[in-house]
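Next up is one chain by itself, shown in structure tokens, the form predicted on its own.
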């Protein structure tokens, strides 16, 4: 998530642009909130005009979306204000349309916006990760103490998506009327927020109104916080959220990094030493085979009987299918091999 620090910003202060990328039907307009110029990953507010219709298909990027205003028809389901979607890359959504128009927040997490017309999921799509929910009506508010140390009482959350590997989160949060927290914080992760309704205040950046947005890289000071009448916002982090609280408004991001490293050293000195070891210091990080392994075999000639339908999970059984009569080789656990002709 290599995006610049964008704060403060309000999308009500800029106009819509027509979406002209291939695959998107006319009648889709957008306001760019933040953009990773290397990968094309981005966050946008999108206006679908009345009568808009898009054919079934999938994106090459993982995507998240929440309805801000209006109604969006997704297949045979009518999705109203607050409806949230997590759509894995390659997951084919049914036709989407809106009769009267609809405003949505759309986030492409791993690549640029794209739409490939298809009624079938891509063979490698992790379809079991897809989910959608009416976040306003079907989820209860919970205490905002998802991490320790926690924010002040009066900040509530609804968890919408969680990555158990990276600990990245997407969530709704609200500040109740009269909310106030007097300290300053920073995090070891990037964080993003969009005000769906209401206004909050932050010492460094002032008022954040409805339509207010920020993309905040790691180690940026923010706080104190307050909200006179309350607000509801969508928040995201790209990794584990930990609150580093303090009362020094003049500390720099570099000093905050050093403080985080010092706290890691005090808490887990062996891990700190491992991180700095030349034998283990990989510039792009060590490989996690779960991130790079093939999720499903080549569909050409492959058994599709056990292909996931999004409701059940099936494990690829790990050997290659060959055309009848073609030569192939097996290797056994004892190291011996033999071929079939």
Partner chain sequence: MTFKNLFIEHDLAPEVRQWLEEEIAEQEERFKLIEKEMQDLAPTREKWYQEFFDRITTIGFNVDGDDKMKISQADLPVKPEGREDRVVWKHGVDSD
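Positions refer to the first chain, counted from 1. These numbers were taken from a predicted model, which means no experiment stands behind them.
Below, we turn to the form predicted in complex with the partner chain, even though it does not appear here.
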{"item": "Distance check, residue 151 to the partner chain in the predicted complex, heavy atom within 4.5 Å", "value": "yes"}
{"item": "is_contact(residue 200, the partner chain) in the predicted complex, heavy atom dist at most 4.5 Å", "value": "no"}
{"item": "Contact flag, residue 83 vs the partner chain in the predicted complex, heavy atom cut 4.5 Å", "value": "no"}
{"item": "Heavy atom of residue 195 within 4.5 Å of the partner chain in the predicted complex", "value": "no"}
{"item": "Three-residue site 49, 97 and 159 fully in contact with the partner chain in the predicted complex at 4.5 Å by heavy atom", "value": "no"}
{"item": "Per-stretch contact check against the partner chain in the predicted complex, the hit in 143-151, 97-105, 70-78, 266-274 (non-hydrogen atom, 4.5 angstroms)", "value": "143-151"}
{"item": "Of 232, 241, 89, 139, the one that lies within 4.5 Å of the partner chain in the predicted complex (heavy atoms)", "value": "89"}
{"item": "Residues of stretch 13-39 in contact with the partner chain in the predicted complex (4.5 Å, non-hydrogen atom)", "value": "17, 19, 20, 21, 22, 30, 32, 33, 34, 35, 36, 37"}
